[in-house]
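As a starting point, one isolated chain is supplied in structure tokens, in the form predicted alone.
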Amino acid sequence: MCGIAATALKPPYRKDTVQLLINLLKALEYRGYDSAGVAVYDLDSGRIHVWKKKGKVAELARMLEKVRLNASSGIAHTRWATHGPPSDVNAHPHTDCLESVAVVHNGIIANYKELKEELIRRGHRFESETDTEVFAHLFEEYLRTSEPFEAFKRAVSRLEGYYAIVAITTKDPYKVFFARKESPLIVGRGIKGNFVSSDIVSLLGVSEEVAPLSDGDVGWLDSEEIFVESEGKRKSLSFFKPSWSPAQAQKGSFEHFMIKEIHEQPQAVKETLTSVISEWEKVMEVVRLMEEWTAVVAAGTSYHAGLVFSYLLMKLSGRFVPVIDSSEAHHYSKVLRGTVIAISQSGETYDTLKAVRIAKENGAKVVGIVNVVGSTLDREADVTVYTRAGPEVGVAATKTFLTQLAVLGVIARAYAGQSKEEVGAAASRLPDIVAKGISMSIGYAKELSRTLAEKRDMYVLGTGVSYPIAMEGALKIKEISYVHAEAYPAGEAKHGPIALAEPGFPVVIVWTPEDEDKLSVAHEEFASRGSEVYWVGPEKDIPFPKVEWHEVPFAATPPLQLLAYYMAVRKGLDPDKPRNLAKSVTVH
């Protein structure tokens, strides 16, 4: 889940290399912020300079604020720790014994212990606890007998596991070498030079065109050329111009990306609905695929979107589709057949991609619901339906969740036999419902956050379609305010969870018109034991507009997002960078 960036700039711009890499890291920091580092080859001194530091990119940026080197190539990294705790020494980039190589890496080298033992026997000295450092020494070892690109490929061939690896070497200082296996990597070309990065968002504003790399790709770039091999043969890349603008990846006047992205939801839902309905033939292709046995795989917020979809489908058509948490999918491999619908914001979620590959081995067709064009899921799916959320920088998913619901709602209605016109009519209300959900609840959510931010534990209850929304709300509260929030069906509370009910214990109830009696009973059960009970719903403690049952997710989700956001801000936390988390989970 780490973020990788690298560049080789043309001569007039080489003094900007360090600062440009810092800017790329700032755009990548949602992928991990345990530590950050930069390495560049300085043409004037003829050596690689490395700076790295535990903590966020801003700390590294302050350290390098005045650094201007004549750098022919450079790499950078922001880390989400896997092997070795966050520290200065474990931060990337890592170097070899001779400081002739610098490397950054995202993923896990499964056989690093065996490789490390072999390299120690050969006389190599290790400084860190990371698996990544092994590659720097492997590269050094093969540079003794091979030219740089061949040495890089030989080192890559020794690795087991999955990785995106980028390296520079004094032996060929104008090139950046890269390789990909099951971890995202994008190349970009721009006016100032060429780039490689973990995602498209970081390349907005510096690259005119981008191209995703595929598993098994290995190559290099310099300031003029990007070269890629696959299975030993040169490969042509399909470059495209990103549809997102650089401004979309900036906070603008908002204090945090999360609150900006909450406010972008009405437009994101509108654009997604317009796009998916305009591609009605693709929707009907998905419906035809669903005539076979169908299952959904997803993780985190996307898993909750899958639960809403399954519920809508059952209510509208009587069809039940199981939703499998991607991290558990390998235990359910026998049901990953027929058609599998995979939901992922980034299209790079490791567990979801693993489930997709199991499904394809079983002969299943895969439908991808994804926000990133050219992502791995997009390329591996038989049919892809895009959400149009634009870049989402905040780690906690907001607009990507509602745009997933928008796509899945269209598919559910089409499967139930509704026409394009009927689906369009139902969808036309949703952007306004989202907007009203935000405007009606924002002040109330901010006020209630004063009370809930001080709590240690709480419940979020729902029923029917509001239960998965309660799950999503509880997840948001946990993710960014660090309050332990658990979601339950309202009727389930009396089967154990109510044991925690006591004076002052907070309970949030998410309204739906489907079963108000059950919600009211839960209210009384907790209130009679002194719990503080708050409703999210029409004319409630945190209000949203009166809606039909199938519109509840679009009305109720923004108030819960706002509550979580203001709870985090009230506690002095950064909602964009919650501890221990990263935006795209690309490791086991």
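One-based numbering along the sequence shown. Everything numeric here is computed off the predicted structure, so don't read it as measured data.
Only in words, not in the display: the form predicted together with a small molecule, which the text now covers.
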Q. At 4.5 angstroms, heavy atoms only, are Thr301, Ser344 and Ala397 all close to the small molecule in the model of the complex?
A. yes
(Q) I'd like to know if Lys476 sits close to the small molecule in the model of the complex, meaning any non-hydrogen atom pair within 4.5 angstroms. (A) yes
Q. Is there a non-hydrogen atom of Thr349 within 4.5 angstroms of a non-hydrogen atom of the small molecule in the model of the complex?
A. yes
Q: Tell me the stretch among 121-129, 216-224, 301-309, 149-157 that has any heavy atom within 4.5 angstroms of the small molecule in the model of the complex.
A: 301-309
